[in-house]
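Below you'll find only one chain, the form predicted alone, shown as structure tokens.
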Amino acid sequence: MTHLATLQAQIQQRVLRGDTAIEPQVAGRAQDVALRLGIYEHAYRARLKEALGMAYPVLRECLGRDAFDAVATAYIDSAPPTHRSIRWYGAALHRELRGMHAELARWEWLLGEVFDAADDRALTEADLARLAPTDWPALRLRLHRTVRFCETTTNAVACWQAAAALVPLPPPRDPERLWWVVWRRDVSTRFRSTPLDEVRAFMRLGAGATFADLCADLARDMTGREAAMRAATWLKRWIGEGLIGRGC
């Protein structure tokens, strides 16, 4: 390594692990050296804690600042940043948590991910109106690029909603298992709880299934006419909500 690269590696090891190899390269008395290096050690962790607090404001409120600080410290020590942008630091913070708090962390991160997802154009009813009846069976619908799915087994989403409404958070509990679809419309992040059969339909579309495939899947549990009606009802709702991307 070049001299500069060596110095960079040594100061990185000091910041991350407290290594002393960099100390002879810093001018001044021993106490001055420790103080100067301490500025970088503190700034590194302080900036990452700030980023985590911005990514997880509701989790921080639920845990309390001291407990959140402890979780953030443990995470920073175990998972140094690997992305060039600090925006994407903290995706795995939920691994430091359990139960409702772990799900709340995953939920908050997902909302931020959806908000920052690439722009997309939503399919409209006018787009579908241009299709010929013979086009429908082979029609492949593409999910909007911002669409994500999340499964919860606690009331993490209710806690997030309470915090967003500035009302007291409900106590952690374990309700029934729920699936959620999360997406962005314009600059607004939206979500709703979703029945499992609808989630499976979304997954099938994401895997490249045609409209005829979707109807055939539904027809296993109902008549062909009922399956077609269910698929049409879903499609109308999906179009209205902006869940389907244009260019299918």
Partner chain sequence: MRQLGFGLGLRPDHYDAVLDGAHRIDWFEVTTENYLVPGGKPLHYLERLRERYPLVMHGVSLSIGSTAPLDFAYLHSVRELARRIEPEGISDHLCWTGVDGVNLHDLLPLPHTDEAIEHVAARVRQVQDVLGRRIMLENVSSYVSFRGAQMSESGFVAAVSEAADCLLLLDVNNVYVNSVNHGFDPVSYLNALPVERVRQLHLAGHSRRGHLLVDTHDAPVADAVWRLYEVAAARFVHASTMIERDDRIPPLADLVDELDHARRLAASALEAAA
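Positions refer to the first chain, counted from 1. In this text, all values refer to a predicted model and were calculated from it rather than measured experimentally.
Here the subject shifts to the form predicted together with its partner chain, a form of this protein not shown in this document.
Of the listed positions (A122, C150, L97, A117), a single one reaches within 4.5 angstroms of its partner chain by any non-hydrogen atom in the predicted complex, namely A117. Interface residue among A207, A67, L35, L196, judged by heavy atoms within 4.5 Å of its partner chain in the predicted complex: L35. Heavy atoms within 4.5 Å of its partner chain in the predicted complex are found in exactly one of 108-116, 174-182, 160-168, 70-78, that being 108-116. Taken together, the three residues A5, R87 and V187 all come within 4.5 Å of its partner chain in the predicted complex, as judged by their closest heavy atom.
Put simply, R192 is far from its partner chain in the predicted complex: not one heavy atom of it is within 4.5 Å. When contacts are judged by a 4.5 Å heavy atom cut-off, L16 counts as touching its partner chain in the predicted complex. With a 4.5 Å cutoff on heavy atoms, V58 does not count as touching its partner chain in the predicted complex; it lies far away. Taking the partner from the other structure, its partner chain in the predicted complex has a heavy atom within 4.5 Å of a heavy atom of V26.
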